[in-house]
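Subsequent text provides structure tokens for two forms of one protein chain, presented individually as structure 1 and structure 2.
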Structure 1
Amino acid sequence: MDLGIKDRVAIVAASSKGLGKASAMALAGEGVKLTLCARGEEALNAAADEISGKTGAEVFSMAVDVTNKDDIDALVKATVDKFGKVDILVTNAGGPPPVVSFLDVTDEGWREGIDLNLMSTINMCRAVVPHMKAQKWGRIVNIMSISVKQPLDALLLSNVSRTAVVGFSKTISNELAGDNITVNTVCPGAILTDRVKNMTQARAKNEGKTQEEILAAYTDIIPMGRIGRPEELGGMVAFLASEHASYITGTVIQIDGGFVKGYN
């Protein structure tokens, strides 16, 4: 299926690895011009070379801390200077650290979690939306977590800060719909990224088990009986960024193999 987004321009956050990289790869496969960003310059450049080499897409990369508004503004300016526009924004950031009890979280911890997930999304949207409004076309896809639909134990900061993004996204989706700008949120479940590997390693150490045993425990509660692949989320991101998804906005879609038990 031709998604109709060849030569569109996308900014994909946290795209040196994992879900961000998979999303960038899927967009590049559709002929989208890309700006990649992440904090680690070496991994970022390697991802840019890989994506360009595999797809032939034009790829620009820039080291950015998405918790820094000045970095975000510079990223968007550099993208417009290079490509002339911004059509697609994929927001993404690592999750806050696990906590045992909410009483253990300091004010600084709360601020860091909110800055990482909520404020980074807000600031990226503030930077790109004027460009999208001017051209009367835009796609915003936020990569969050199934924790916005089914809170996950020990991930208090993620549960709270990511759910706030859903409220923000739904609200601005209504405001921006008249400008042909869609805003949607995708919620990965257990997908084999570096973050999931690190979390399962930590849990295995705490529980005196092997990582394989922890991963097996995850698959036991997933109806599809397996961990997801990053490219399975990337495909959804590319679809939501496409012309075919022009009447889809304000949604929250899980990619979780059936893990979430609720209807919504």
Structure 2
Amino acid sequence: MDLGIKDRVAIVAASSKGLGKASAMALAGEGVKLTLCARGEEALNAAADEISGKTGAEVFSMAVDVTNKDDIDALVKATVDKFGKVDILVTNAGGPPPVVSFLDVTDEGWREGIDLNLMSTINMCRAVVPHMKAQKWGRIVNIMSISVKQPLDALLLSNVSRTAVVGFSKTISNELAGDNITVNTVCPGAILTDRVKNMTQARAKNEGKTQEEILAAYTDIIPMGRIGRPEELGGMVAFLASEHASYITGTVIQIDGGFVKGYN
């Protein structure tokens, strides 16, 4: 299916690896021009080369920390200087650290968690929306987590900061609908990215088990009986960014092999 977004311009945040990179790859496969960003330049350059090599897409990349508002503003300005516009924003960042008890989280820990997932999303939207409003076309897709559907044990900071993103996104989706700008959120369950590989390797070492045994504990509680592939999330991001998703806004969609047990 042609998604109808050839020559659109997308900024994909936190995209040198994992879910951001898979989303960028899916958009590039549709002929979208891309701005990638992450903090580490080496992996970022490798991702840009891989994506342009595989798809032929025009790819611009910039080392940016999404918790820094000045970095975000510079990223959006550089994108508009290079490509003349910005049509699609995919927000994404790293994940906050696990927490044993809420009493252990300091003021600074709260601020860092909120800056990482909530303020980065707000600041990216603030920077791109004026451009989208001017052209009366825009797509914003947030990469969050199933923690917004069902709190995950030990991920207090993720549970709190990401549900706030859902409140923010639903609210601005109403405000922006008349400008033909959609705002949707995708919620990965367990998807085999570098982050999950590293986490499961570390757990295997700590618990004296194999990585396969640790992964089996994840997949046992997933109705599909397997962990997800990054491109399975990337495909949904590209669809929500497409012409075909023109009447879909304010939604929160899990990509989790059936892991969430509730109705929505």
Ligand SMILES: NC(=O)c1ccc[n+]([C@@H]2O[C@H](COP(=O)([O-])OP(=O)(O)OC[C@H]3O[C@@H](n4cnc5c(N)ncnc54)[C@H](OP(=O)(O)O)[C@@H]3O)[C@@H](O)[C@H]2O)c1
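Only residues modelled in both forms are compared. Residue 1 is the first residue of structure 1, and the numbers go on in sequence order from there. In this text, the rigid core denotes the largest set of C-alpha atoms whose superposition between the two forms falls within 1.5 Å. Keep in mind that this is a model prediction, so the values were computed, not measured.
Assignment: the form predicted in complex with this ligand: It is the second structure that is the form predicted in complex with this ligand.
Core-fitted comparison between the two structures - CA shift at residue 198, Å: Residue 198 is displaced by 2.9 Å at its C-alpha.
At 2 Å or more of Cα shift, core superposed, where are the runs of at least three residues that differ between the two structures? Core-superposed, just one run shifting 2 Å or more comes out: 197-212.
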